[in-house]
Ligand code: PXG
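In the block that follows, a single chain appears as structure tokens, in the form predicted on its own.
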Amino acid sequence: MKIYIDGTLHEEADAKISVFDHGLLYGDGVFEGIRFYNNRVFELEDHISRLFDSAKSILLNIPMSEAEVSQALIETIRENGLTKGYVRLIITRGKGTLGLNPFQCQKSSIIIIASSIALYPEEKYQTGLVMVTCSTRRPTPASLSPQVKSLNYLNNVMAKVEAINGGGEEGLMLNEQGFVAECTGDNIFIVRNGEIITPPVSAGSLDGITRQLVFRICQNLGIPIREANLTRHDIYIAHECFLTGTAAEVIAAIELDRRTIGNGKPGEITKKVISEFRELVSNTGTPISPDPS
């Protein structure tokens, strides 16, 4: 595997950053997870735009243009001989000194890893996930905007630990008001009486790119969809539930806190959204090579 670091491709064993990098020391940096299918990078422009927005929000300078970062990402995929997989694109604050002051870091670092990912077991895409409500809450947006995809994921990691220890594959996270925010790494949607409902981003969730795609899919399919604050009760009594994310893609959830959601199987509307999603990722995206066919 070849990994891009600051303009150079390194073999995995030689891909190294300084122990004084503030991304390592303090989680000071941002990232994007990006999928590619059938020799095409899916929603590349939206991901790169969001990366630069996250960086701007935390006063992190990226020493390349959006077009240059996109090209470096595509070249990294090519050099690894991949046509389907997952990219982790990371911008760290760079090498600095011990101490929080980010202005001691002279230059940020750009890291691109192109590999594969399996967020959930394959069979769960057929049967659906079991969820557990976590006591770990999502941080208030007044602390740090949930739209910043920062390298500090300890909040999500602790929630994931709770979910696994509680017998689930995914954890449901609430905000300080007790409303549903999102899962540990995914946005959440429910279906009730033929309508899809998802929490507003003001509840403390990332406005995920796959989340946005679901709104477009619903418009194309004529399925009503809206944002509204949700409680655990709303999920308990939902007819269907599904989660979305770049790594997770679209996957049904069939249980929360030992309450069966709907009939305990992926629902018909969920299946339609998944089918449309898979059609889109198979046929659209930025070509990795000049001839994606």
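Quick caveat: nothing in here was measured; it's all calculated off a predicted structure. The numbering used is simple: start at 1 and walk along the sequence shown.
One more form of this protein should be noted, the form predicted in complex with the named molecule, which is absent from this view; the next part is about it.
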- Task: Please check if residue 158 has a heavy atom lying within 4.5 Å of any heavy atom of the named molecule in the predicted bound form.
- Result: no
- Distance check, residue 246 to the named molecule in the predicted bound form, heavy atom within 4.5 Å: yes
- Query: For residue 96, is any heavy atom within 4.5 Å of the named molecule in the predicted bound form, or not?
  - Reply: no
- Item | 4.5 Å heavy atom contact, residue 26 to the named molecule in the predicted bound form | no
- Item | Partner-facing stretch of 108 to 116, 81 to 89, 161 to 169, 124 to 132, counted where any non-hydrogen atom is within 4.5 angstroms of the named molecule in the predicted bound form | 81 to 89
- Task: Consider the chain as shown here, without its partner, and state which of 31, 236, 37, 52 has a heavy atom within 4.5 Å of the named molecule in the predicted bound form.
- Result: 31
- Of 218, 206, 191, 203, the one that lies within 4.5 Å of the named molecule in the predicted bound form (heavy atoms): 206
- Message: Between the named molecule and 179, 232 and 255, in the predicted bound form, does every residue show a non-hydrogen atom at 4.5 Å or closer?
- Response: no
- Task: Determine the residues of 140 to 173 with a heavy atom within 4.5 Å of the named molecule in the predicted bound form and present them in sequence order; the list may be empty.
- Result: 149, 153, 156
